[in-house]
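Shown below, as structure tokens, is a lone chain in the form predicted alone; questions about how it binds or moves come after it.
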């Protein structure tokens, strides 16, 4: 037991250091402040769209829908930008500043170093997601006078979507000396992850009688089964469309554990690739 504690003590200290350094980055803070301002502004924007019914009651459904749409888009866009930016920069920045040489010269293995950096990235992503979600909760609660518990499920799925992109962006960063290429790669992964579902349509529409079409269909089918499909996490939008006080539908409740396992599987795969690349990196 003590050996395991000693082994993970190093990664934990590296994770805490990464988190402290990450939250000080001006670009990261700028993304976060801008996202919080947009979420906060949605509350005031909705006040201009108040509509009254024949009985004179304030219609809050339109306000709530507007706030939800703006907040979901804001969290998805800025949250993903923060995830990609921090995942792409933690390792290359330390290689460029030669901090990694100092760390690895101590009794710290590459596996421990990489695990600590990855955990630190996830701490930053979770902290930013928690802040944005908290303001989202406040905005919905003020408008609908009811605590939107379903938002917590939506935020959970959003994190695992971020986790998948973060893991593969982190893997790319382990082979780079600057954050530019991993950032572009992270954006490409996010784009491909949202288009993976269309590969299934390509494979189904391919004509087996035509060799070229059949080849394209087989390639599309293989990519569809291999690449992460971020559209699977789109049920978070379905959750937010429910009444705030309503229970989760049975089919959605059954999907959540599967999506968590799905996200963890791809995250582990991305981390394994990152370690394989970093282990062969000349430092």
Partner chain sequence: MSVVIETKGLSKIYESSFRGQDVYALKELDLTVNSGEIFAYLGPNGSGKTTTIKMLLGLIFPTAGSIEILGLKDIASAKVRQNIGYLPEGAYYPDFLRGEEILRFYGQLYGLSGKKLETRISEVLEEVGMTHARRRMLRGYSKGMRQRIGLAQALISDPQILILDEPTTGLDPIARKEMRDILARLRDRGKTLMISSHELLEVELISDRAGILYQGEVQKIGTIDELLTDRDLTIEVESASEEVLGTLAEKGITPEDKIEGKLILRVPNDMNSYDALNICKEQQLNLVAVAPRRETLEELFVRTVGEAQNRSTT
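Just so we're clear, the structure is a prediction, and the values are computed from it rather than from any experiment. Residue numbers count along the first chain shown, from 1.
A second form of this protein, the form predicted in complex with the partner chain, is not displayed here; the remarks below concern that form.
Visitor: Between 131, 99, 138, 180, only one gets a heavy atom within 4.5 angstroms of the partner chain in the predicted bound form; which residue is that?
Guide: Flagged contact: 99.
Visitor: Where does the partner chain sit in the predicted bound form: which of 121-129, 149-157, 105-113, 169-177, heavy atoms within 4.5 Å?
Guide: Of the stretches listed, the one contacting the partner is 105-113.
Visitor: Looking at the partner chain in the predicted bound form, which residues in 187-204 have at least one heavy atom within 4.5 Å of it?
Guide: Residues within 4.5 Å: none in this stretch.
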